[in-house]
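So this first bit is one chain, no partners, the form predicted on its own, shown in structure tokens.
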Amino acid sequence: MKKKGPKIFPMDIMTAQERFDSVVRLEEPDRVPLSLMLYYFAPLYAKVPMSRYMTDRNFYLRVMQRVWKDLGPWDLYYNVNPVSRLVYSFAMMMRVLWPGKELPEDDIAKVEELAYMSHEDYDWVMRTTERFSDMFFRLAMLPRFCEEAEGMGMVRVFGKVFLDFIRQLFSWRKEFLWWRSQGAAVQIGYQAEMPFDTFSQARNVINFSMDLLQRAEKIGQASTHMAGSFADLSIFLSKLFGVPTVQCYCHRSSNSFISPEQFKSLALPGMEIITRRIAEAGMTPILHCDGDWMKNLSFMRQRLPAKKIIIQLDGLTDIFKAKEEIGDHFCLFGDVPAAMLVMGSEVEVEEYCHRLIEEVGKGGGFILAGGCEIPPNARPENLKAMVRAVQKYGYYSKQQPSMSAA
């Protein structure tokens, strides 16, 4: 029998991993799980240099261990920390400005929207072999915007990316051992921007908006062409890292950027291929859905596999309405507003978490979290309030230890 890890709270019946697996299936676990994305919050809280935190892996882990001790515990370790800017760029496909390099030492990293892709590249994508098209596209584009790959051909870029992924593997594996020893589950095996959204970022908003008018069919064809390759690479790397989840960033597929009909015809076909293939491999896709998604949800319900996917929302999508629309189809993740975590009181945060648990968490299928990143200037007391809320309100009555024992 496989040995179970430690519990997060004394009242827990399940481990964090069991709780996570349960909510993905839309079941009621013992209680609602909590995830905190603390990447930029942690160094500001600890008052340490951002530049060292982002480049020294051992230092990073010590900072996160301090935050866990001071403010935790919680269920899901939200691992977004890259070992290098090249790895970050490969996943996100945008130029990154780094603290201590292009930015002051204590700034958070920023992305610069640079139009590095031409409209002719849609045709180039269609000429690449479908099986490796996503990886080939990333390797071909990296020298156009990433300093670490500048002037290199695809073979040299592949070699450099490969070596940095090996470093990422050893770094994460070391981290994961510690987090699991504390009882936490690791949230992400692999993470990357999805093909449609990568094209939007690579062309920039203005050029891509023109493409939607002038060559929409090519966008849809190229996005769908790359989808299977994206899924296969995601599955391979998630297995390598030992975490069966893939965080799929779809920053530009929301109604904040495109119409529902454009989403349905251009972005959704690739999204369907990706989520189904990941789910069929026994893994969980997490769709990171920043922006307003309300008018897309019905299409997603029709086309994406049920009880297999997490939909991660920020404040621009009403999570309470999303519960009504798709809560019996997908696990929902969110959504304590960033402004509340910065300016609200502990009582406000706790009560809002209570409402989320009671309404969005009704019947299971819910992960309590912030709306995307926990703000770097969030009040620590408000994060403690989130932890407190899952202990006070998060237990499902039929799962209480006393009733289970009876």
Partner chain sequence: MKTDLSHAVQRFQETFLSFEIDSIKTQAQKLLDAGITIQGFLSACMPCMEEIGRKFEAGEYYLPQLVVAGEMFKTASREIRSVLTEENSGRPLDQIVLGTPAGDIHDLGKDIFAVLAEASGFKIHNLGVDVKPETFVKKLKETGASVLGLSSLLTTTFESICNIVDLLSEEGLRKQTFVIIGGGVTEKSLIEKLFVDAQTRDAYEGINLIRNYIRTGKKEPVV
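Only a predicted model underlies this, so the values are computations on that prediction, with no experimental measurement involved. Positions refer to the first chain, counted from 1.
Form predicted in complex with the partner chain: not shown, discussed below.
Heavy atoms of P260 reach within 4.5 Å of the partner chain in the predicted complex, making it an interface residue. In the predicted complex, no heavy atom of A46 sits within 4.5 Å of the partner chain. The partner chain in the predicted complex comes within 4.5 Å of a heavy atom belonging to K110. Put simply, K295 is close to the partner chain in the predicted complex: some heavy atom of it is within 4.5 Å.
S256 is the sole member of S256, S118, Q302, S265 with a non-hydrogen atom within 4.5 Å of the partner chain in the predicted complex. Only one of E348, E358, E381, D56 comes within 4.5 Å of the partner chain in the predicted complex through a heavy atom, and that residue is E348.
Of the stretches 63 to 71, 358 to 366, 333 to 341, 26 to 34, only 333 to 341 has residues with a heavy atom within 4.5 Å of the partner chain in the predicted complex. Along 197 to 229, residues V205, I206, S209, M210, L212, L213, Q214 each place a heavy atom within 4.5 Å of the partner chain in the predicted complex.
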